[in-house]
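Here we start with a single chain on its own, the form predicted alone, put down as structure tokens.
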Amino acid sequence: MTQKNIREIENVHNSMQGLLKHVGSKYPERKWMYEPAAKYFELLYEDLVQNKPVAWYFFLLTPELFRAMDIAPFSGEYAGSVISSFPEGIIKYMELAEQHVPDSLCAINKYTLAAALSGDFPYPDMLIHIAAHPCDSASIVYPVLAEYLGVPQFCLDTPYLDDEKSHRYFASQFSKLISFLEEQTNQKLDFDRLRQVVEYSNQAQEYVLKANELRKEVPCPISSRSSATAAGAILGLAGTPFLVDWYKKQYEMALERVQRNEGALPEEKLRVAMIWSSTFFDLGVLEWMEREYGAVVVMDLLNLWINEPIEDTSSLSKIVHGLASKTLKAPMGRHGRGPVDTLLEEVVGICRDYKADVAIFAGHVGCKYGWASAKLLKDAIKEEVGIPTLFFDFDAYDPRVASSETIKAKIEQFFDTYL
């Protein structure tokens, strides 16, 4: 293990801390929006300074195991989502990747490749990824990186179905992953440390589930921005006490609003179900919807974490089974793996249970399996719930495909027609 190049992570860490300080002094009521991303890069930077082994991992594999084993967890997908919102965004990395791979590859996959090609990020000691969870584009990136960088990799083989037999099989893959991590780090997994990490993860998930229930209230007590922020927080910070405290505050603020019969907006006019992606390069689009139309996102498909906390943490086998099930049930992952019925049923359920007035399919151009399902989704929502759906294509991370103003114009025309 050699000293890592941490220049870019240090830059992002410093930028996030500066942003927190600025927002905290000028707009303290908005500070919560930036705290999870800032904490992720703070913890990553600290791990790198201590020269801990680095694992690059696919973002739907939440980081409890890595945190329990003192491995620095770097997710190019999560990091790219955050950095895409910076003024300079991730365009230079897109341009670098596009010299080597087709333009049609998902932008976040291109970013992960470019992170290695650029040399700006700490090279991994190991790569961890998941087969067909959720798409072929995501699956192919990590084997290519492993060959290019010459580092060991581990791929968890995902089952097609979602029954108990499939969960047991995937748990066996997690057991093999633990052996791989022990071999690469020359240390044994500390069970007590893992149990503590999982307990933090459990506590946070309890608040996630309770907050999801509160989103069903009319008016909705939780803002659109919170939904997008929370999804990333879970992916990057699962297993940390920070996530417990942050989500507890979000839940308690929402509960107080419900008790006062108040919503997140002064006047709620439209309840929106986001049934695919979100505008990660500019989450201000969601706030514009709230401000101009009184339209609040009541649920975002990418934030629909449905897994129950791991009930029994008394043994390694039970914890492993719980972590495996959590991964299989991760949003996006469970929707792109297996029969399309899972996606259709959950989208219809979101629109119905969260009392949506409209649905928005913000179709990320790199999500081929998403666009393959678009017509089925539209028909199912119309037939089962009877609400209209807006479809448009864009890149969730790259404004060159469709700018914020272009996206706003499409939403504006749709809302004006509906209202």
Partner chain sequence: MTSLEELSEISKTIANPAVDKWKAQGKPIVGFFCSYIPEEILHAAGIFPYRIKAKGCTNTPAADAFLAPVNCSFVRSCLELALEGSYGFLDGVVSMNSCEHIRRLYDIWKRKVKTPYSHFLCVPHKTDEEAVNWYRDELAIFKAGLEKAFGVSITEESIRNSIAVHNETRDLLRKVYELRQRETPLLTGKEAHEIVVAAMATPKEDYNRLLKGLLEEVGKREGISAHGPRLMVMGSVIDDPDYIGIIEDMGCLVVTDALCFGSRYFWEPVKTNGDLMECLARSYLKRPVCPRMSEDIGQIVTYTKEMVEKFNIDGVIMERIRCCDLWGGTTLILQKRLDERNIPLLVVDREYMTSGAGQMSTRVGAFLEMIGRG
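What you are looking at is a predicted structure, and each value in this text was computed from that prediction instead of being measured. Numbering follows the first chain given and starts at 1.
This protein has a second form, the form predicted in complex with the partner chain, left out of what is shown; the following refers to that one.
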_Partner-contacting position among V101, L283, L265, V82 - heavy atom within 4.5 Å of the partner chain in the model of the complex_ = V101
*May I ask you to choose, among I178, V340, M94, L255, the residue with a heavy atom within 4.5 Å of the partner chain in the model of the complex?*
V340
*Is it the case that A131, K165 and Q173 all touch the partner chain in the model of the complex, with a non-hydrogen atom of each within 4.5 angstroms?*
yes
_Residue-level question: is P241 within 4.5 Å of the partner chain in the model of the complex, judged on heavy atoms?_
no
*Contact flag, Y369 vs the partner chain in the model of the complex, heavy atom cut 4.5 Å*: yes
*asked:* Whether L117 contacts the partner chain in the model of the complex should be assessed with a 4.5 Å heavy atom distance threshold; does it?
replied: yes
*May I ask you to check whether H335 falls inside a 4.5 Å heavy atom distance of the partner chain in the model of the complex?*
yes
*asked:* Only one of 50-58, 370-378, 350-358, 29-37 has heavy atoms within 4.5 Å of the partner chain in the model of the complex; I'd like to know which.
replied: 370-378
_in the model of the complex: members of 154-192 within 4.5 Å of the partner chain, any heavy atom_ = F154, C155, D157, T158, P159, Y160, K165, S166, Y169, S172, Q173, K176
